[in-house]
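Coming up is one lone chain in structure tokens, specifically the form predicted alone.
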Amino acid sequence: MSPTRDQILQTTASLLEKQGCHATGLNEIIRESSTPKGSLYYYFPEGKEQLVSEAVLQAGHTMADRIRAHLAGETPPAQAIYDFVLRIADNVEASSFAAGSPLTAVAMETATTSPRINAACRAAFDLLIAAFEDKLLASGLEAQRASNLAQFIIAAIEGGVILSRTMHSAEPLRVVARQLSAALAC
């Protein structure tokens, strides 16, 4: 991938995370990424919908890689996931509640207005679910239970991010961490 293209996608994902899709304009992306306007249109000739879709999918791959890296090893799922969610809580808090997930805001804003962006959000969430599911399967859980728990984990984390950002407190994510740990220890 071109460094310029990658910079545009990373900047877009960062802006989406902070302010959502509708509040993120192409001129802002150009300014924040320090790239020429022509580069944006060269790499994303179909415009903002293409750019947002690709940024969301790249963010999904990046987040899934982080999940896999954090969950790798022999640590039991309950502890590994607890530690991972606490890390998210710390990051949300350190960002002054501006960060958490570029997927959530975009998914909510575009669920019924952009089939293309919605498909990218679904694919990105599937990557995250698969990362947790793999850890659960590796620990010996049956496939259907691992799949259901992985979806539950993502739903809990995303809900925790929303509450933490809304309340300007990382405590909702810390509650999620404790409750997921308890649920997975059973």
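Don't overthink the numbering: it's just position in the shown sequence, from 1. What you are looking at is a predicted structure, and each value in this text was computed from that prediction instead of being measured.
Absent from the display: the form predicted in complex with the DNA. The rest refers to it.
**Q** Using the partner position in the model of the complex, report whether Lys48 sits within 4.5 Å of the DNA, counting heavy atoms only.
**A** Lys48 belongs to the contact set for the DNA.
**Q** With a 4.5 Å heavy atom cut-off, would you call Ser39 a contact of the DNA in the model of the complex?
**A** Yes, Ser39 sits close enough to the DNA in the model of the complex that at least one of its heavy atoms falls within 4.5 Å.
**Q** Going by a heavy atom distance of 4.5 Å, is Leu26 a contact of the DNA in the model of the complex?
**A** Close contact exists here: in the model of the complex, Leu26 approaches the DNA to within 4.5 Å, heavy atoms only.
**Q** Can you tell me if Phe152 lies within 4.5 angstroms of the DNA in the model of the complex, counting non-hydrogen atoms only?
**A** Flag for Phe152 set to no.
**Q** Choose from 57-65, 115-123, 26-34, 143-151 the stretch whose residues reach within 4.5 Å of the DNA in the model of the complex, heavy atoms counted.
**A** Result for this chain: 26-34.
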